[in-house]
Ligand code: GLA
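A single chain comes next, written as structure tokens; it is the form predicted on its own.
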Amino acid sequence: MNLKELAAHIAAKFQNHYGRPPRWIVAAPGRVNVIGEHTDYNDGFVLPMAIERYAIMAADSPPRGSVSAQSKITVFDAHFDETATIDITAPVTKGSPKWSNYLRGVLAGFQQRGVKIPALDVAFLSTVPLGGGLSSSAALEVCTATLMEAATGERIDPIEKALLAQQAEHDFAGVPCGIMDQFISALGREDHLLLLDCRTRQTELVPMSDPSVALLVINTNVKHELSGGEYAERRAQCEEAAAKLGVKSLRDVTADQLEQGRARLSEIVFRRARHVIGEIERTVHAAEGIRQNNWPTVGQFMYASHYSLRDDYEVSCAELDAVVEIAEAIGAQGGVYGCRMTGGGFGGCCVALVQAGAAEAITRKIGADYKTKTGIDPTIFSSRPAAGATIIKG
């Protein structure tokens, strides 16, 4: 469903559940990171894109005369047919069901800013795939913040909104995420990618208006359980490299400086740093390639990113590698410019830059060949760069 169809769908769900039409409808997208992996916590650059998959909410004030209803927000999950009730007479705290904590954290953030939270009846659903590394949680957080803006009339700066949503994930979901997911969900613009400097939080919209290209998101439908805290380990290795090279972060190191300081690093820490330094450079160059519609060059940066994540950072897996190998075999002559794993790794999704006219044939080919190689059916969809959070009604 496109956004207009999705809005009609959630309005009907609200009407069916609450017996009246909604006053407000808001949405916020998930995202895919086109390039720039494991650079965020090294003060580097990332290049995400909002995708045409959304968290969407319909809401209205409770009927007058219902005294108890004025003290709570009732949230109906239209997909899983589950309801959460959030008390707003006191500071909002963690609660159940578990998914409600993403909303609770945002509500708490508004309370901390002195905003009076109104009682609401809400219906929501999400078309962002869960567990695929496409930021379903950030979409839900930013969607909740956008509903608060609509319902209270208290508009906040999009960057502040993104930071509020990030804080909600830290405090209420216990996930120490970077800033990328919430930033692209809040600040995305149709037909643009977002080049985000994770050190300064400066953003630059990168036009991607060429209708001849699209991005395919290929969900491997595997997520390997991580043992030994690989994410924390990689982060610590990067910090060790920066300290031994005498800089605040790897953002401050060039490839030449890394080579000059190689003797100070263990082989594994050297390789981790080589990925990060190379990835920051690839991300900046890929953004320039997109500005110039130089798709073959952008594709080569994507492949180089994947090889580095596989070999130097060691966060890929057999299934992600299989998708990239299949995409490479199709090649530019078959309409694939480039492909790479996206997200933290060890499963989840790949992203491929493809000729829009060949997207359907490429989807079929990747799907069939991946099933042959792994025995797993992937989930594949194509997306153009989507708009960020929006108030559809109200």
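Remember, it's a predicted structure, so these values are computed and weren't measured experimentally. Counting begins at 1, following the sequence as shown.
Keep in mind the form predicted together with this ligand is missing from the figure; the text below concerns it.
Screening 356-364, 323-331, 32-40, 51-59 for residues having heavy atoms within 4.5 Å of this ligand in the predicted complex returns a single hit, 32-40. By the criterion of a heavy atom within 4.5 Å, Gly178 is counted among the residues contacting this ligand in the predicted complex. Among residues of the shown chain, Gly343 is one whose heavy atoms approach this ligand to within 4.5 Å in the predicted complex. Although the partner is absent here, Tyr231 is a contact residue: one of its heavy atoms lies within 4.5 angstroms of this ligand in the predicted complex.
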